[in-house]
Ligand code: NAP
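This document starts with one chain, in the form predicted on its own, laid out as structure tokens.
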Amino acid sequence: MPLSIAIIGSGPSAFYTVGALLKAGADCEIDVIERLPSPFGLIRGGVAPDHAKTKNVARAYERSALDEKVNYYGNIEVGRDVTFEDVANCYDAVVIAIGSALDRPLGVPGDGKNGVFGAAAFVGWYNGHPDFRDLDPDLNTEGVVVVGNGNVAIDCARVLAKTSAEMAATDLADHASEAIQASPLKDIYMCGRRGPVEAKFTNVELREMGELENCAPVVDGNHLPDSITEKMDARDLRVREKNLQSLRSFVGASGEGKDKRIHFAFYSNPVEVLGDEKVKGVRLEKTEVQDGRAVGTGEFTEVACGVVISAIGYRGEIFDGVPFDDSAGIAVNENGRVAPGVYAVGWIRRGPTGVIGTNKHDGDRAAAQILEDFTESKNPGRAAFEEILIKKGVRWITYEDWQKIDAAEQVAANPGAPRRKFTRVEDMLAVLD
């Protein structure tokens, strides 16, 4: 009897695990359980809409999803529709691949005011994720502060800065496009506690900030060192030297004829969100980097804004029945092993680090561990799982169902765009009805 394996979640770490199991030629049945009708996790809901090439990896995931050994159960949320115990009782092995869906709080006075958003929520809003469809940020403001110096922060700033023409060939959600283009936004501040050497963005994304049609980068040349003196490996050194080169090219960049500006506010630590119930500004403390840490200098400035986006990291949450490290925001695990027959991969295993391809190592490891731990099947697998779903009256979405939804999104696309996303679960299901 084939080994029965359930994978909870359908993002990169999930499908890298599927791919590794298929490549190993394992005699198994693999069931991918996803709480939304749509698969692929951050590929659909997290990657910036104007970075279509990054999403091409989904083609490989689809090949795995269409393999005869694989079943897709969309619209099934563990903890809502079924319990983790239900899943564990049906399958020999269970892989948890649910990512880190929550924003880490900004953690300063005023961070609960109207107009403060975590990047996961804001990115989900402009990407049409059903969880954030009704976020409705008030962009009737001339200033936005994005806290963070990583790729997610740059994504948020760039999407806010681009013109409708620059975004025409993307799958930016209609509601977000309309709100952004109607906004009187002029100044976007990217604030980071440390300096340009410590910034985490990749050079490809950084260079884009100097190529925007209606937005000019603003960089204080005094923040840029002549050379990098910190010790680091050769690869990191190359990346950071390229970043410095790009930032130097921004110094004194002409904003003539452009309505927007992106300010790279290095050495700026947000210490308070200002305003009454609604955001009116951010108080920043100037910092210095000492031994890699940002240390406050006691010098403060204030920036006027109506929206604050905190892009300082994510954390996970998990369903009952799985040990959880609340301080780290990950499943308790030892090299991916959570409990006998239970494994964790991706961000829920190691935290929100790395790029999409980083998850491949987790998938390879989990597949190897499963095949090492099991030589025969003892649990009934998908037949028992479907019996539970039927008994509970839960509707699931097959991969063929998803393909119909996918096709409908593509047909509805504006000229040149890849798709027009359905942003509510009920609208996705209506395609099938």
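Residue positions are given as counts along the sequence shown, with the first one as 1. This one's a predicted model, so the numbers in the text were calculated from it and none came from an experiment.
The same protein also exists as the form predicted together with the ligand; that form is not shown, yet it is the one meant from here on.
Contact between A328 and the ligand in the predicted complex is not found at the 4.5 Å heavy atom cutoff. A residue is said to contact a partner when one of its heavy atoms sits within 4.5 Å of a partner heavy atom; D155 meets this definition for the ligand in the predicted complex. Interface membership of N269, defined by any non-hydrogen atom within 4.5 Å of the ligand in the predicted complex, is confirmed. Contact between V355 and the ligand in the predicted complex is found at the 4.5 Å heavy atom cutoff. Proximity to the ligand in the predicted complex, defined as a heavy atom within 4.5 Å, singles out one entry of S183, N214, N89, N151, which is N151. Put simply, of R207, K200, K258, H361 only one has a heavy atom within 4.5 Å of the ligand in the predicted complex, and it is K200. Residues of just one listed stretch (310-318, 72-80, 166-174, 228-236) have heavy atoms within 4.5 Å of the ligand in the predicted complex: 310-318. Within 4.5 Å of the ligand in the predicted complex, a heavy atom is found for none of F40, H129 and R349.
Along 73-98, a non-hydrogen atom within 4.5 Å of the ligand in the predicted complex is carried by no residue at all.
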